[in-house]
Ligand SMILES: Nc1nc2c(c(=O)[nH]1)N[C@H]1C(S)=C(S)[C@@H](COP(=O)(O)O)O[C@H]1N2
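Heads up, the chain below is alone and in the form predicted on its own; it's given as structure tokens.
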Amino acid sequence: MNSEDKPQDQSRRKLLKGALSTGVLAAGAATVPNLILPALAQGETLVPFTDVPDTFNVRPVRPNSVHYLDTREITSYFTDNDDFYLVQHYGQPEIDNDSYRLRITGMVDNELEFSLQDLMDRNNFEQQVGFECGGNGRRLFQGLIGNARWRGVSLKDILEEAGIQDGAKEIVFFGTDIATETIREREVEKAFARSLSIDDAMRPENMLAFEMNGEPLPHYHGKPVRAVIPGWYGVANVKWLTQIHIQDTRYMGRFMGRDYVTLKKTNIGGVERWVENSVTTMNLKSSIIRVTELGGQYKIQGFALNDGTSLRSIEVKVDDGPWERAEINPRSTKYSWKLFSYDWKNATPGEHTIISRVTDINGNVQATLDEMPEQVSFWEDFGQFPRTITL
């Protein structure tokens, strides 16, 4: 019997769905704490942005296609599994739970192999992790994003059990999604893969996840096991994971060395140079995603994401007015998205420009568009995002 077919999993899934629909979330067997969610109140309405074209709409999830959120319609702290964004490059392979195996290979003292049940029987933990695609940004109104509860096992514990040998430099994560590419006029089969340095891989929060929002990991999200690397862009969270390989050289596959590479102009020792870097940890970012009206009172809402560094503040500015502090949802955790809300008092009829910015505890402030480095690619679009609206 597959794990997702077990009666206890079915009961757990029903409990979670019921909790989400009523605005609370089951947390263990005995407690059901209240959460502050951004759902619309009775009589509250969305005010349309004027920077969103009439042609912008979100389609239902379709096989082998990108799916993004309509961020104007976010109504819960955790993103439903069917709404959490999707990006895939080599299809969406179907893996049988019973025959699934994860292999740990390369420069280790003990090569290991785990079935899905082996992983589920290990000590496991749950954490909130939100992330966005490295290609998320203004052009999709920040729709390649999501926030979920993930359950899985510690990557660090498994690597320690395998025993990383001296001289090892990188940990490579291989997915089962494979495609034929033409490289230098030769067709080769390539699996989706990403790598981490030893230090990055050994962070205690990194996990191999087999559950998402209380359900067995859905097919589109990497069933039965995916990597979850908190604080990193989504590309690092390799889905349909079947091999973790430890090696003494840099891994330079397509999605490390050629794709998901930001080309930007940078000052290098006093010389302006074009520099390429792999998309890795998330940059400091916030964005306004909706404005609501209730009884003539307006509220501005949005999200912030970063690499997990604690935040000092999120602020909102209307037109040429001062920056004013927004309220951050107190349910936020280190690696979740941070939803924020700002009461727009004394709003006047007419056209307005609204914008947000986030500052971390180290004093780093989200860059303005003018401060953003000159870039050729659309990766890492983290600048302040002006929105326009007419009241």
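Note that the structure is predicted; figures quoted are calculated from it, not measured. In this text, residue numbers run from 1 along the sequence as written.
Separately, the form predicted together with this ligand exists; it is not shown, and the next lines address it.
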* **Residue stretch of 169-177, 287-295, 263-271, 115-123 approaching this ligand in the predicted bound form, non-hydrogen atom distance within 4.5 Å** => 169-177
* Any chance residue 203 has a heavy atom within 4.5 Å of this ligand in the predicted bound form? -> no
* Asked: Is residue 87 close enough to touch this ligand in the predicted bound form, meaning at least one heavy atom pair within 4.5 Å?
  -> yes
* Though only this chain appears here, would residue 209 touch this ligand in the predicted bound form if you measure heavy atom gaps against 4.5 Å? -> no
* Asked: Is residue 237 close enough to touch this ligand in the predicted bound form, meaning at least one heavy atom pair within 4.5 Å?
  -> yes
* 133, 155, 314, 74: which sits within 4.5 Å of this ligand in the predicted bound form by any heavy atom? -> 133
* Of 192, 100, 78, 141, the one that lies within 4.5 Å of this ligand in the predicted bound form (heavy atoms) -> 192
